[in-house]
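In the block that follows, a single chain appears as structure tokens, in the form predicted alone.
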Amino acid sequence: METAFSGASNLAEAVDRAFIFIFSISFIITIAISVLMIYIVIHFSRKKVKNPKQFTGNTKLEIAWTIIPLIIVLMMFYYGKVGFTPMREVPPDAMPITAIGRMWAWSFDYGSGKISKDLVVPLNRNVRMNLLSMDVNHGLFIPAFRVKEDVIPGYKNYLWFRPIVKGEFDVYCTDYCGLAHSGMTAKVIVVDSLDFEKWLVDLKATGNIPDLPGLTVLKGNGCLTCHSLDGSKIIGPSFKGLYGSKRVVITDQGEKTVDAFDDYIKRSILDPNAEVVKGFNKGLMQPYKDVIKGEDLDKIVDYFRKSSEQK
């Protein structure tokens, strides 16, 4: 299992070395300055020095406090460069996985429609993470692996690592991305190669479902992160029994009851804050008018209609 100081990837040692060096230098300088200040306060107090004198122009001192900090900064730069450079040099045999960030959850696409909420990777195998944001800025951070990169809409970014310790490790979002930012977490699960291959074979393809295109659109846009299909309450109201139901909503004009048919469902997607279901907060969902359009809207409505007919 993960510990606070465990380095679980091949990149961790260089990062730790740079951190320890910079921390040690900072600690030594802090102690030295504190001791010097205490010494000066005591040695040059008014009780001991009645008529203090000013002095200027100490060339040796000026050279020392210029050269020594310069050397220290260059050493810090060296350790940082040694740790950072390998992070951008991805081995050609790295296994590609796409990390998808959206408000407010991570998902990991292994290809062929196989998507997982946790990142499962094989031990001692190079992994390249292609980073994709579906909405706003996110930051993929795996502390135990000492890797962190920004996940920016429209910007192609990546990171890579080779896990060297089996176990479960935390994944966080480091860029403030909205009200549920702190809950945007996941797990990295490192397993043996054979266990990984079995897990990947058993993982059901949910990223592309030909017979349920509306559900595919919902999953592809992160809707099921905030809305459940089984009636449970998450951030937003559940989709269970949505089509044809009556919903009490809050508008700028007050409270009213609406029928959840085609028009209401489309309005809720395009302008979700105009009619907020009673009991839920306004502003949690962004408008999708520039994200989900035309046929995709019809597919979602059709999915809800067919779901209601099957009951």
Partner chain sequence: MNYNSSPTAPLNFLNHKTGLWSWLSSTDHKRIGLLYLYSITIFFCAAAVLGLLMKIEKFAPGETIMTAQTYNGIFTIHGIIMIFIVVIPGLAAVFGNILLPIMIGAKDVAFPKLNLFSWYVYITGACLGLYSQFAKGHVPDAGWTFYVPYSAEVNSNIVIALTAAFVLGFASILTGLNFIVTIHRMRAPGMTWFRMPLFPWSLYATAWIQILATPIIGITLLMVIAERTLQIGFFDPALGGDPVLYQHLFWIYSHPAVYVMILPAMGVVSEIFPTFSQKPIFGYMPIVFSSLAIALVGYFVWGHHMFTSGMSYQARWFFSLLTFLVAIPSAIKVFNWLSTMYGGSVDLKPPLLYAISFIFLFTIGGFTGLTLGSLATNIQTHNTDFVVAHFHYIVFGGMGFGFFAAIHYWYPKIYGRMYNIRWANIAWAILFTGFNVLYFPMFILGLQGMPRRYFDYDPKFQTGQMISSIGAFILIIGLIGMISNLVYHVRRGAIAPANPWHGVTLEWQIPSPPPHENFDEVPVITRDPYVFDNPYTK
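Positions refer to the first chain, counted from 1. Owing to the predicted nature of the structure, the values given are computational and were not obtained by experimental measurement.
What follows is about the form predicted together with its partner chain, which we do not show.
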Report whether all of Ile115, Phe196 and Gly241 sit within 4.5 Å of its partner chain in the predicted complex, measuring from non-hydrogen atoms. no
Its partner chain: the contacting residue among Ser228, Asn137, Thr216, Asn126 in the predicted complex [heavy atom, 4.5 Å]: Asn137
Just one stretch in 107 to 115, 188 to 196, 94 to 102, 150 to 158 has heavy atoms within 4.5 Å of its partner chain in the predicted complex, so which one is it? 150 to 158
Is Ile234 close enough to touch its partner chain in the predicted complex, meaning at least one heavy atom pair within 4.5 Å? no
Wondering, does Arg162 line up within 4.5 Å of its partner chain in the predicted complex on heavy atoms? no
Please run the contact check for His181 against its partner chain in the predicted complex: heavy atoms, 4.5 angstroms, yes or no? yes
Is there a heavy atom of Ile300 lying 4.5 Å or less from a heavy atom of its partner chain in the predicted complex? no
Its partner chain in the predicted complex - contacting residues of 10 to 34, heavy atom within 4.5 Å: Val15, Ala18, Phe19, Ile22, Phe23, Ser26, Ile29, Thr30, Ile33, Ser34
